[in-house]
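Only one chain comes next, encoded as structure tokens, the form predicted alone.
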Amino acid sequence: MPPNIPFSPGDEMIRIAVLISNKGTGSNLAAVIKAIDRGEIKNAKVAVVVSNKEDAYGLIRAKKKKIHAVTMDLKDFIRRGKSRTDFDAALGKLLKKEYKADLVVLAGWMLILSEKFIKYFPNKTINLHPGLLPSGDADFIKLSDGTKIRAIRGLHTDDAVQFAIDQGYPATGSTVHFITPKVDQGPVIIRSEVKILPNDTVETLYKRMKDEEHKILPKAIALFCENKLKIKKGRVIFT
């Protein structure tokens, strides 16, 4: 468990917890930190970075910025006789009680979070997903040119990008949305659409998607921190 952390009663900044995996370089975490440093995300700070793998490069990024870096390994948790939902509850409690998080950002986190976690952060956990999603359970989403494509749900990182290429879609993109117990069906905050070029590989396409993710994730966080997001009937309303 992490050490006890002193919190000032007068600390009114929005405290962000960023959850990552070891599948990437932590570039979206870096984009969020940079946006805070530049003042693009106001009145907020990253209080803690959590990974379920100790070799996640994002933990190194956090330590370099003197941000608390924590590893919670699910496999280790299971070995100690705990359940998957116990893990979610422990993670939620850790972020809420120990780190006083106001917002949780999933920036490459690979584990599905259950209601045991969500109850700690209702409408306060946002996910960055490497595919275009509609709000709710619709099977298809319309691109800017009017083309309908199937929503890319349940796939992560390279697999989601490869799926878009394999399907021959004219474009794909990324989505920032609030999480709900129904996976990849939460209210959408913002999307980025990226054209798929004839000779694209997962690497070339994902690089352009990442460039856009580095814009939309900080923007979504900024809107949250400025209290400009409300949820009504399963949709995000901008105020």
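Owing to the predicted nature of the structure, the values given are computational and were not obtained by experimental measurement. All residue numbers refer to positions in the sequence shown, first residue = 1.
Below, we refer to the form predicted together with a small molecule, which is not included among the displayed structures.
Relative to the small molecule in the predicted complex, residues 92, 113 and 180 are all farther than 4.5 Å at every heavy atom. Of the listed positions (135, 71, 123, 157), a single one reaches within 4.5 angstroms of the small molecule by any non-hydrogen atom in the predicted complex, namely 157. The single contact residue among 128, 143, 151, 118, judged by any heavy atom lying within 4.5 Å of the small molecule in the predicted complex, is 128.
Heavy atoms of residue 187 never reach within 4.5 Å of the small molecule in the predicted complex, leaving it off the interface. Heavy atoms of residue 107 reach within 4.5 Å of the small molecule in the predicted complex, making it an interface residue. Taking non-hydrogen atoms only, residue 51 never approaches the small molecule to within 4.5 angstroms in the predicted complex. The small molecule in the predicted complex comes within 4.5 Å of no heavy atom belonging to residue 191.
None of 37 to 45, 191 to 199, 204 to 212, 62 to 70 except one has non-hydrogen atoms within 4.5 angstroms of the small molecule in the predicted complex; the exception is 204 to 212.
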